[in-house]
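The chain that follows stands alone, in the form predicted on its own, written as structure tokens.
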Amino acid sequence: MDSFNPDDVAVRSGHFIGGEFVDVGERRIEVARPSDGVVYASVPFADAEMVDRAVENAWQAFRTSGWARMAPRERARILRRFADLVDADAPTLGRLEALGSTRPIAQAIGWDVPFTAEGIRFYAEFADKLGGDVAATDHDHLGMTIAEPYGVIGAIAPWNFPLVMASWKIAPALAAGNAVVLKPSEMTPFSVLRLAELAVQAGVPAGIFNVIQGDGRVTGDELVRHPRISKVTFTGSTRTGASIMAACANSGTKPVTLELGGKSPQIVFADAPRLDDVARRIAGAITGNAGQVCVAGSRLLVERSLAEPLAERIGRIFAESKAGATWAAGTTLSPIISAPQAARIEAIVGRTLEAGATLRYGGVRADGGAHGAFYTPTLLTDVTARSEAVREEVFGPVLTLQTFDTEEEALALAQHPEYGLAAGVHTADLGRALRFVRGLEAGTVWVNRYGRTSDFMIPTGGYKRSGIGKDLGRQAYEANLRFKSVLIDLRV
């Protein structure tokens, strides 16, 4: 994808409620471009009254539009048209995504938009293929379970992959017959607005997919507590997820799906095949989106004899990263989402070094040529389990390296006291790989790879404080349904 001029991209501001843009209210949130820090737009702030308007509109659409009662195959056809429109709109969606997020234009158009469209198609196919069951009962009874949509789903999406993360929430919810009120991050509000507009163009009834703008403290809290919201899905920090879970418990014991923080290990044994490939895989797992990924492989655990040659290779790969604006062709290292987040990364690295770690590579701001917040890929050695960069989710391109001598030591190092989102194991020994698959406390374990493919059937989600429930897979679709038990006496 060629570069583009960010000043040439027009954005539509506002909420999207009932199939229309709504831009009212005196309070507004300024939106800045991460690549250069320029404030390029603003969005209205949804207070309690506006949240209520959006949710009530969605509730009425759920009750009266026929979306939930529509023949499942017809609902699937509409969602497939929605996916086709997303694909066709790739140039616009890609520019909106790259303009205000950390996603370089080549990646936004080459991966984010197609992945979003294909995820919608994937869940469209569930609409008429998963429902209830007939239970095994005695001859005089008929027992069954009936699958029904919840009603209105409250969804809160993060800033790091705005389109993709939004699609993970709306696609299974819509396919199951629900309405959705989505709050995108206030830092990346515009591509999701376009997504909602395309949904209506595809035939999704107005009001079935509404978008509200605002922050988490007010708008997000009002959304999850609203009495018409029957289920909540959230991706973001562990601390915020815990607050949402408490709010849902205090406002109707609503079910939640939470995909939260991670501090994922990458475990490399000396027999790992093709060391150059392993190094590139490991580096990509921490430099992708500048490490601003919940499953980022931020803890490197290496069998001692391999530590030095692997560190050298990773350092050379780090040096290849090209920091630049998201609208510039050739950018491979994304900006950090904001100056405060870049300062936080610097502070964690600084304190870790003061505590005795060694800076092997990086550790400084990068020059992205656009006055944004860029940070060089960083490798820290001589760290321990108590080191801050090992304990805390940095959410930046910071990799720590620890060594081990035995499988038992590697497994003990891999287990984090709080997080359990993902893990990677690199070895040629299948038995060892399976022992670690079983032993690791993580919701996803990759063997001789790190990161997802487009296999939407494989769910994602965490153990421990990394979350509850699953995105993607059959599990995400079923999580948007509630099941009613029915028992009929045939002797009457």
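Residue numbers run from 1 along the displayed sequence. If you're wondering where the values come from, they're calculated on a predicted model, not measured in any experiment.
A second form of this protein, the form predicted in complex with a small molecule, is not displayed here; the remarks below concern that form.
*Asks:* Out of the stretches listed (253-261, 134-142, 266-274, 279-287), which one is close to the small molecule in the predicted complex, meaning heavy atoms within 4.5 Å?
*Replies:* Stretch 253-261 is the one.
*Asks:* Using a 4.5 Å heavy atom cut-off, which residue among Asn160, Thr233, Ser298, Thr352 comes into contact with the small molecule in the predicted complex?
*Replies:* Answer to the contact question: Asn160.
*Asks:* Just to be sure I understand the contacts: of Phe190, Tyr123, Tyr375, Phe395, which is the one whose heavy atoms reach within 4.5 angstroms of the small molecule in the predicted complex?
*Replies:* Going through each option in turn, the one that passes is Phe395.
*Asks:* So, in the predicted complex, is Pro184 in contact with the small molecule at a 4.5 angstroms heavy atom limit?
*Replies:* So Pro184 counts as contacting the small molecule.
*Asks:* I'd like to know whether Ile156 contacts the small molecule in the predicted complex, with contact meaning heavy atoms within 4.5 angstroms.
*Replies:* Close contact exists here: in the predicted complex, Ile156 approaches the small molecule to within 4.5 Å, heavy atoms only.
*Asks:* Taking heavy atoms only, is Gln201 within 4.5 angstroms of the small molecule in the predicted complex?
*Replies:* No, no contact at 4.5 Å.
*Asks:* Heavy atoms within 4.5 Å of the small molecule in the predicted complex: does Gly100 have any?
*Replies:* Judged by the heavy-atom cut-off of 4.5 Å, Gly100 is well away from the small molecule in the predicted complex.
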